[in-house]
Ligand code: KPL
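Given next, in structure tokens, is a single chain: the form predicted alone.
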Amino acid sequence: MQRILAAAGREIVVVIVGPGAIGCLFAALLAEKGLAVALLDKNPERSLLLSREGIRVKDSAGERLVHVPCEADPFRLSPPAFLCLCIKSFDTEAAMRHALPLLGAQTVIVSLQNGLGNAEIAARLSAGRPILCAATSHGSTAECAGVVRHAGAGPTIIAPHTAAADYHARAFADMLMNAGIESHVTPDAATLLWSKAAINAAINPVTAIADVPNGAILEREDLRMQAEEAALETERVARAMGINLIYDNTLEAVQNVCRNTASNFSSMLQDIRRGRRTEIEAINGEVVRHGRRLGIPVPVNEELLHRVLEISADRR
């Protein structure tokens, strides 16, 4: 089967794996700036819908439609410069195996995901290709297939991981910057991943359990205290592993994300509402696992883990 190229016959620069809230948002932002981008989906029906209807982005300025090619068959896309994973942590291995035909000799893999351990899975299946880790402060809510609400913006941080060098990270950051997405490079992937985990461990489960948008954490004292303690426990575990977070003040960082994405519904809450599996085990579950291993008490993370698992089981 002959592979297809992006619009206007250009070589595809980025293939985004997973047309969820963040995947669709980044695909639309890149495509709007003229970048040759395509989506890879595991669902053939949804991929046809997205290719036909496009991605509708809603924000404070209104809404707009952006057309991005979407395929379920990886053999119909040409290998890109960057393969960007925007899928749930528990889907990483299956998504990587699905995307193997897209790994060209020069393809760099980017894990733009929540949770810990995703880059290691990608590295195991990538045959030595460079792996980058990325964390974004953009808030995006998927209203339905191909319709996302852009609920907050912020920097995207990139770090080299397995077999990757600083220039790989800078090339990806430069591409995002050229598309108007503020991006920075940091040298230590472990620091980046645990810094992101501290924010996610605080905001995602607290909003999922309370069924509220991110900004409600700043409005309710009980939620704020719970979120902040979850973040501090995560920071203590990271430090015990020799990892210092990128934030000067972790609690301020949590508050800033809540403030900048006040109207956004966390991905964990979106999953709970749709009766889908959450990423709680790859976020708070990893904090609990490492805390037990190191003998560091993490009672708030344990409570959040158990409560989200219970709610998720009931909804599913």
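Worth saying up front: this structure is predicted, and the values here are computed from it rather than measured. Numbers follow the displayed sequence, beginning with 1.
Separately, the form predicted together with ligand KPL exists; it is not shown, and the next lines address it.
> Please determine, with the chain shown alone, which of 225-233, 126-134, 195-203, 100-108 has non-hydrogen atoms within 4.5 Å of ligand KPL in the predicted complex.
Looking at the other structure, the answer is 195-203.
> Using heavy atoms and a 4.5 Å limit, would one call Val257 a contact residue for ligand KPL in the predicted complex?
It does: once ligand KPL is placed as it appears in the predicted complex, Val257 has a heavy atom within 4.5 Å of it.
> Is there a heavy atom of Ser89 lying 4.5 Å or less from a heavy atom of ligand KPL in the predicted complex?
Ser89 lies outside the contact set for ligand KPL.
> Residue-level question: is Ser47 within 4.5 Å of ligand KPL in the predicted complex, judged on heavy atoms?
Looking in the predicted complex, residue contacts with ligand KPL do not include Ser47, since no heavy atom lies within 4.5 Å.
> Determine the residues of 266-281 with a heavy atom within 4.5 Å of ligand KPL in the predicted complex and present them in sequence order; the list may be empty.
Heavy-atom contacts to ligand KPL in the predicted complex: Ser266, Ser267.
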